[in-house]
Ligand code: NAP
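Given next, in structure tokens, is a single chain: the form predicted on its own.
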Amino acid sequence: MPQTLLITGASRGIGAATAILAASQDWQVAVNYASNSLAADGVVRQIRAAGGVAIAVQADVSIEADVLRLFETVDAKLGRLDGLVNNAGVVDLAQRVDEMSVSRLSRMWATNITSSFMCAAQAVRRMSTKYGGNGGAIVNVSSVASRLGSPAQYVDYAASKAAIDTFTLGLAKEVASEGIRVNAVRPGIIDTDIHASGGDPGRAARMAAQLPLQRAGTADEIAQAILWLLSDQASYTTGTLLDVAGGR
């Protein structure tokens, strides 16, 4: 029986790459997106063209009602949930902490932290043996920014990812005896359009020479790590923060 995977923020970048790779490994994939329906539909079409099963589901995962609707839609259309990738996240323009507005911080926390808590809670209620589930796996997408701090750039983003690291460690221990493994991938400089949304589209190319491996990573390389953590090959791995950062 095919396994079902929900990926938040899966219309582009790491999320889209993970969805496509997961489908090639026989997962049924729910491609969540906030607003870019054309991009999400494109990911679904690519998966279906290759013989896979996928649906696109609009939901702003920083809003509780949307999260509930998202999971109910997956239940109805794909059946039992076996995996969750908490990938949705935002960055903002480079600023010092003393320049940041409260509205910026509120948006960052809601999208990068609260959404992962809410989605994980729904996943646990479906996968945990405590609730009659068959177990499963959760992978949170963090960032090496969580240990670097991102000074004079986006300390708020780095702090939000540090929260995800701690969330990963705590939740992993909380549900380990209930058949659920929880891990995080911490990407480094990855060549995706998230840099453009932070006002610096050339960041990956500019920083490549400063990295030990002398290049930025790709979304596909992060997807490979995520799929390993979701797989039975990682059956004894939980509470792990896996850096995929080219030595950074």
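Counting begins at 1, following the sequence as shown. The structure presented is a predicted model; accordingly, all values stated were derived computationally and were not measured.
Note that the form predicted together with the ligand isn't included here; everything after this is about it.
For the marked spot (G83, G179 and T238), a heavy atom within 4.5 Å of the ligand in the predicted complex is absent from each of the three residues. Contact check for N36: a heavy atom falls within 4.5 Å of the ligand in the predicted complex. At least one heavy atom of G188 is located within 4.5 Å of the ligand in the predicted complex. Of the heavy atoms in A22, none are within 4.5 Å of the ligand in the predicted complex. For Y157, a non-hydrogen atom is located within 4.5 Å of the ligand in the predicted complex, even though that partner is not displayed. Figure note: of the listed segments 171-179, 124-132, 73-81, 86-94, the one touching the ligand in the predicted complex, with heavy atoms no more than 4.5 Å away, is 86-94.
For the partner-free chain shown, A59, D60, V61, S62 of 40-63 come within 4.5 angstroms of the ligand in the predicted complex, judged by any non-hydrogen atom.
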